[in-house]
Structures are given as C-alpha cells and as structure tokens.
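Given next, in structure tokens, is a single chain: the form predicted alone.
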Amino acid sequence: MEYILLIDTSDEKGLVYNVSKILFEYGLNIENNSEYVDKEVNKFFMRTVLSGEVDESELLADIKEILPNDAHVKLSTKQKKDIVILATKETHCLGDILIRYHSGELKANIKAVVANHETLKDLVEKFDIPFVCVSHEGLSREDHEQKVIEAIKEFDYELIVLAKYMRILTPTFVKTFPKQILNIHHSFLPAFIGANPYKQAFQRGVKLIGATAHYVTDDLDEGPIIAQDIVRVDHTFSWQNMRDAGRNVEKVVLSNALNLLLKDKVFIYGNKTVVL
C-alpha cells in the first residue's frame, strides 16, 4: 500500500533522521521525500511517499512523540479525492478539468458540478456527472449561498473548485469550507477590475497576461497562492486575442493547482504556501 506522510512543524535538528528511523522500524520503504525549512519563521515541512503495510494510528502516535508540540502530522492513503466544482457560464476552465478527469489525469472523483445558470448542463452531462443548478434570481446573496451550501453537502467532498464561478463569496461560505476552496482569476488584479479587464489591459498596452490559482479566504482574491503562470503578448494582439490567451493560461493554471492539491503537495502557513 502507498501512503503520503505530511509533516508541518517548528524546525529543530534531527527531524529527518528521527522520522526516517521510525519509518525504518515499521518496515516502510521511502519512495520519495521532499523537505523545506523557512528559516525566517523556523518552520519545517516534509512530504514523504511510503510503501508497505502499517497500523496507521500507531505510526502517527510514534511520529508525533518525537516531533515538537506544535507539529501537524497527516498520513494520507486515499488514492482519489472527492471534489465538487462550482461554475457559472464560462466553459474553458470547467471543460479542461472534465477532459483531464475523463482521461484519468486527475486523482479525483468529481461528485457534481453546481452552477447558478443552466448554461453548462449539457457539457457536464456528457461526462455522466451530476449537474445541479441553483439559480440566484430573486434571492439575496446570503440566501443563494445557503442553497449552494446545501447543494454541496448533498455530496461527498474534500475540495471545492471554483471554475470561473462569478459570484463573490461571503465570509459565511468561506468559513463553512475552510482551506477547501480553490479559485482561479486573471493576474491583472488590482490594476484592471470589472467586467472586461482584457479590454482595459489592451488599452494600456500590457505585454504579459497571467493567471493565479489560490485558496479562498475572506480577503477577496488574496488567499495563499498555489500556482501562477504567464504568456507574453505584443502590439499585434487585439483585446479579443488577449482574452483568448488569458483563458488558455487560466485553465492550465487551475488544473495544475488542482493536481497539486489532489497529490497532497501543498502546505499552508500564514498567507503563503509551500509546494513539495
């Protein structure tokens, strides 16, 4: 059996040796190991892929015993994580995830797509995935969000992916799913905001277009960043060309970030992430 061991703790001498010694004593084989120390805050992070058979509770107890008191330790055995996707009308990010899912690229079970419009229903049902429309028409933001929360909780989920879900989430929603919501947006913020940032960027003659995938927090579009990328543009690009380039980088960055989360490669601390 394969396990992923995640350790987040204060740094001190001998951590890698002490953990490895316990793994050896349990007869586990280390297939892959990555570590990082943030010396500014004295934080140690470790991700280890293991193989073998073990009593998980006993192993965790022994590892915690040799770590500092503030240590967070997780042993993951699940091969695939359950996810729910939120969407509105745009197809590029959702479509990319669905295709990767269909081809077996993602270690995920997509339990449902929840949207506030019916626009994407036909696309989703082509992949035999439940589609739930929770219309926002005639509802306050709070009432609509409560209905969305109820819809999500009808399914098993570990992660919620915003595939261009064009609704600002309230603190209540974020608090309901702490450190479980992944979002994507263009990287023009905060310079160009509103309905058509690509047209604004075109008018300013930008030379780089990017996208940012991050955890959702109460600070709008300012949660811990997981993945980013850019594409170069020049004066020959119309604003429509820029928009198309932006959509392409958005879908790639979102899928890459989701893949990192599905593989338990991301640690959060403060408003930052460590990706191992």
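In this text the structure is predicted, and so the values were computed from the model without any measurement. A residue's number is simply how far along the shown sequence it sits, counting from 1.
The next section is about a form of this same protein that is not shown, the form predicted in complex with another copy of the chain.
Partner-contacting position among 133, 139, 168, 191 - heavy atom within 4.5 Å of another copy of the chain in the predicted complex: For this set of options, the contacting one is 191.
Consider the chain as shown here, without its partner, and state which of 176, 109, 91, 180 has a heavy atom within 4.5 Å of another copy of the chain in the predicted complex. It is 91 that has a heavy atom within 4.5 Å of the partner.
Since the partner isn't included here, can you check whether another copy of the chain sits close to all of 66, 144 and 150 in the predicted complex (heavy atom within 4.5 Å for each)? Negative, none of the three is within 4.5 Å.
Quick check for you: of 152 to 160, 78 to 86, 91 to 99, 168 to 176, which stretch puts a non-hydrogen atom within 4.5 Å of another copy of the chain in the predicted complex? Partner-contacting stretch among the options: 91 to 99.
Interface membership of residue 229, another copy of the chain in the predicted complex, 4.5 Å heavy atom rule: The answer is yes: residue 229 has a heavy atom within 4.5 Å of another copy of the chain.
Should residue 122 be counted as a contact of another copy of the chain in the predicted complex, where contact means heavy atoms within 4.5 Å? Within the cut-off, so yes.
Please determine whether residue 35 contacts another copy of the chain in the predicted complex, using a 4.5 Å cut-off between heavy atoms. Judged by the heavy-atom cut-off of 4.5 Å, residue 35 is in contact with another copy of the chain in the predicted complex.
Close approach of residue 57 to another copy of the chain in the predicted complex, 4.5 Å, heavy atom: Output for residue 57 is no: heavy atoms all beyond 4.5 Å of another copy of the chain.
Go through 14 to 34 residue by residue and record those having a heavy atom within 4.5 Å of another copy of the chain in the predicted complex; state none if no residue qualifies. Contacts from 14 to 34: 14, 16, 17, 20, 21, 24, 27, 28, 29, 30, 31, 33.
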